[in-house]
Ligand code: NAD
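Let's start with one chain on its own, the form predicted on its own, as structure tokens.
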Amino acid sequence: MEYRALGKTGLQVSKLGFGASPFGSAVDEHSEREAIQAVHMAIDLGVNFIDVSPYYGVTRAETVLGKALQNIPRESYYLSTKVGRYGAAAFDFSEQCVAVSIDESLKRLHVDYVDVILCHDVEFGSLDQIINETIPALRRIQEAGKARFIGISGLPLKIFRAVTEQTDLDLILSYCHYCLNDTALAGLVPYFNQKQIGIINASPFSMGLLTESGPPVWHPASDELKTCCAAAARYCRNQGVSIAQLALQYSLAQSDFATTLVGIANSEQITTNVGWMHEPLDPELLREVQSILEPIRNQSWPSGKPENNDTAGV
């Protein structure tokens, strides 16, 4: 496993990160047991960064992950959770809620502290509140020893510059903006590097667009984007390769990101992704797929409040 520096935090995190959001769907004993086994397998394979949120499964993901971590030495992993989002339309970025939320997360996770605390999907809130109330509240959590480092997450790239220009953050988590079809996050790398802000890249499969099965029915991408990604997936299939393999290898090759998070539900998924990580990327296949995806390159979708969305790129 290759480890990379997470900004100025001093943490050396595995370039492949474990996204525990699928644990929110662990609704029976069998799926819960598979999720727990996946965490143990991941750590055995060298994955040391695990990300979760109370939003995933309405606290179920944190509860299942907490069970998985109980018999694992705390020094074996770095743990990230979030505050601010608690349901599809349930947001509370207030200081009071943040203080309660972290205590509840620590209890579910069976730990005394998390390594990273993120304000979740800040584009759904007032950026003024995020800057003047939520982030100071996160710093107080840090001062209390309940979290080591703080940051924000979200989809529109506009939010990261807007917030980091007025606050001091340790890291950011961006998703769906560095994958085969969208590399817009790369435009912010020099800015983040200058400020020594660690970059966590998430969803290299673009929330299912770059997979054999395709995106879920609720995926917010345009029909044009879905059609183009499906064509790229067919091309890879005809070459005997899963587009997911190419997508993961492509995202992991960007060394400016400390880690790339992949959602994992079971041991098979983590072993498959680690296996793909160690295989060489096919440059010719990459060129062909990028050519297919060129018509929709960097096309995204809105998220959160209109004023917090990107209007003119990065």
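These numbers were taken from a predicted model, which means no experiment stands behind them. Residue numbers run from 1 along the displayed sequence.
The same protein also has a form predicted together with the named molecule, omitted here; what follows describes it.
*Asks:* Which residue, F205, F192, F149, Y178, is the contact with the named molecule in the model of the complex, using a 4.5 Å heavy atom cutoff?
*Replies:* Going through each option in turn, the one that passes is F205.
*Asks:* Select from the listed residues Q37, S31, T59, Q269 the one whose heavy atoms reach within 4.5 Å of the named molecule in the model of the complex.
*Replies:* When the named molecule is considered in the model of the complex, the option within 4.5 Å is Q269.
*Asks:* Is there a heavy atom of L246 no more than 4.5 Å from a heavy atom of the named molecule in the model of the complex?
*Replies:* Judged by the heavy-atom cut-off of 4.5 Å, L246 is well away from the named molecule in the model of the complex.
*Asks:* Does Q12 reach the named molecule in the model of the complex if we count a contact as any heavy atom within 4.5 Å?
*Replies:* Contact with the named molecule, no.
*Asks:* Under a 4.5 Å heavy atom criterion, is L261 part of the interface with the named molecule in the model of the complex?
*Replies:* Yes, L261 lies within 4.5 Å of the named molecule in the model of the complex.
*Asks:* Although the partner isn't part of this model, could you tell me whether D182 comes within 4.5 Å of the named molecule in the model of the complex, counting any heavy atom of the residue?
*Replies:* Because no heavy atom of D182 falls inside 4.5 Å of the named molecule in the model of the complex, the answer is no.
*Asks:* Okay, which stretch from 131 to 139, 101 to 109, 167 to 175, 229 to 237 lines the named molecule in the model of the complex, with non-hydrogen atoms inside 4.5 Å?
*Replies:* Answer to the contact question: 167 to 175.
*Asks:* Note that the named molecule is not shown here; using its position in the model of the complex, name the residues of 106 to 122 with a heavy atom within 4.5 Å of it, in sequence order.
*Replies:* H120, D121 sit within 4.5 Å of the partner.
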